[in-house]
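A single chain, nothing else alongside it, follows as structure tokens in the form predicted alone.
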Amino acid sequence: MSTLYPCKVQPQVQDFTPYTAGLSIEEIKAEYNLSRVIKLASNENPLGCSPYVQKVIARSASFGFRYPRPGNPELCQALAEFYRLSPDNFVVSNGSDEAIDLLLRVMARPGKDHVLVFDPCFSMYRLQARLCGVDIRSVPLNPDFSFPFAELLRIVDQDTALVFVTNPDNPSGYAAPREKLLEMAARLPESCLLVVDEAYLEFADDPEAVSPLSELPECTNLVILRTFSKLYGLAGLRLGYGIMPPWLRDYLMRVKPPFSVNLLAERAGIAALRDGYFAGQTRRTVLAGKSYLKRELKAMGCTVFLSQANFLLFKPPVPAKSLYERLLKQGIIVRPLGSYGLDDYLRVSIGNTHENKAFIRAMQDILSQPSV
């Protein structure tokens, strides 16, 4: 029996499955009657938001009635100075999600072109492609979660519009060397873009060794996505940006909604770029916490994967689903990975010292019991 709709709805929307976000602190408090919950599920900044940025936001609050300037030129200029590039290399977006959507709308022809990704990958690539009516094809990751570039290149053809690579990757934290990415870009058809999503780059051991950014002026088909959500602690303000050739920026700016990035987010982003101390403290906190969690998880019999991000992927010695639910009852939220097809694994964000120790104590308590 056909489903009746009061008006025309596009076929790809009728059975569309929305993005599944991690559980919130409020949800877990209410469900388990808890007064304290620690969230280590969404890769948020363990130090919160920079005090300096908070002051800038507070001082700017009275301008909330004003529209921002279309295209956010002040932030583009600040980014250009930060990276020693031109403002014409930057598109500021409402989180990286908007940049992903714009790239698909500008570069991929619905019903004709397709997009390539590794599997598993960040779900927004699939969701946005489907919403845009663009086919998405994938190649499974290697068993150690590294990228099989050769296999991906074998299925590239003249109708491949974009190739998305998250580097460091999510949920594993694996990072490919920059040379592999540059080789990939060079071997793609001229009409195909390589989009490298570097949301977690600042937490890599050596960011310059895994980012092709320095070669962007010479690569006409390379786009790099970055975000203020992780290192800078602005996830709630939804602020990201794409770094790309000027010719591509021109097309994206033609179709981008003029006020999608609000005035407070823009000013917060400019302030965040100036607060190098907070960024450095965040990086040091994450690297120290990652080392601690890796050591303690291994001591409990978990298989822990090498991560260049601000989270760890691990396989516990007991069923992951049961462990996840037991952690929730103790007020600890980690990320189950069923949506990635990784039912036997969990992902934990790196928290502050107190949060990391609370997570390890809860793990030790659960795993010491006769059955989980």
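Throughout, we count residues from 1 along the sequence that is shown. Everything numeric here is computed off the predicted structure, so don't read it as measured data.
FYI, the form predicted together with a small molecule isn't displayed, but the following is about it.
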Inset, instruction - Let me know the one among Lys290, Lys230, Arg249, Lys256 whose heavy atoms come within 4.5 Å of the small molecule in the predicted complex, would you? - result: Lys230
Legend entry - Contact residue in the predicted complex, from Arg105, Arg238, Arg178, Arg126 (heavy atom within 4.5 Å of the small molecule): Arg238
Inset, instruction - Tell me, yes or no, whether Gly95 is in contact with the small molecule in the predicted complex, where a contact means a heavy atom of each within 4.5 Å. - result: yes
Inset, instruction - Would you check, heavy atoms only and a 4.5 Å threshold, whether Ala199 touches the small molecule in the predicted complex? - result: yes
Inset, instruction - May I ask you to check whether Phe90 falls inside a 4.5 Å heavy atom distance of the small molecule in the predicted complex? - result: no
Inset, instruction - With heavy atoms only and a cut-off of 4.5 Å, decide whether Thr160 touches the small molecule in the predicted complex. - result: no
Inset, instruction - Have a look at 276-284, 263-271, 191-199, 76-84 and name the one stretch with heavy atoms inside 4.5 Å of the small molecule in the predicted complex. - result: 191-199
